[in-house]
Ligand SMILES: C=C(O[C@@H]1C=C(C(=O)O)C=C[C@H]1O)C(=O)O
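We begin with a single chain expressed as C-alpha cells, specifically the form predicted alone.
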C-alpha cells in the first residue's frame, strides 16, 4: 500500500527536502501549510511537515517524528508583522489564509500584551495592504522574507543580517519568532513532521529524510545559492536565513513547543512523539 507524504516546500525546509529521495512505495505532493494541514487531517496524506499548532490541536490523532522540526531561537525573518503604528496602537491587521501557525502565534503575542485589534483575512503584499487602510499586515514564507528585505535592506559589505534595521520607509517589521523569544526565552517551533497515529511512516522514509538533512546542512552554501536565485535575494541573506534554523526538535525546542501549546491550546491532548534513532 502506498504511503503518502504532503510537503510544504518553502525555502526553510530546502536543506531537508531538496535532496530527499523517496523510497519505493512512498509518493509526495506539495502545498501551502493550510492545504497540507487539511490533507493530513482528512487522511489524504499520511505524513506532513505541518504547522505546530495543528499538531497541538489534533494531538489525539497525530504523532510527530521525535527529531525533525522547523524551529528558531530568535528571529526567523519570514514570519513578520509589517505595521505603520506602534503595536499598542494597531486597529486592523490583515491576516494571510496560508498559515494557521503564524495567526495563532500572533494571537498569543497580542493577548500577552493585552491587545485586541481587529483581525481580518486579506491577501496581498504587505505594502499594498498597508496602503489600502490596514495598519498591520501578517506575512509568512518566502514572500515575507523578500518583503522584509525590501523594507530593511540592502546589505552592504560592512553590514550583517543581525545589524539590519527594524524597518524602513515608515514601516516597522516585527519578527514574531523574535518577539516570542523576548517573551519566553525559548525557541519557537513552527512545524513538525506529523503523521496519523494509525499510519506511522516506514523506517525507510525516515532514514531517507535523515540522510537528506545531513546532506543539505553539509552543503548549505549550495542550497542557499540555488534558492537565492529563485527568490531574487542575495546569497548572504538566504544562507543566514537557512543556517538560523534548528531542524532536530531538541530539548529546548520541545520546551518552547510545550509552552506555546499551553498558551495557544490549553486543553490540548498530550503531545506524542515517535521513537528516536536507535530506540
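Numbering follows the first chain given and starts at 1. Given the structure is predicted, the values throughout are model-derived calculations rather than measurements.
Missing here is the form predicted in complex with this ligand; even so, the following discussion is about that form.
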The stretch from 151-159, 96-104, 129-137, 178-186 that lies within 4.5 Å of this ligand in the predicted bound form, judged by heavy atoms, is 96-104
Do residue 141 and this ligand share at least one heavy atom pair within 4.5 Å in the predicted bound form?
-> yes
Close approach of residue 191 to this ligand in the predicted bound form, 4.5 Å, heavy atom = yes
This ligand contact in the predicted bound form: residue 5, any heavy atom under 4.5 Å = no
Contact of residue 55 with this ligand in the predicted bound form (heavy atom, 4.5 Å) | no
Can you tell me which residues in 1-29 come within 4.5 angstroms of this ligand in the predicted bound form, by heavy atoms?
-> 8, 10, 12
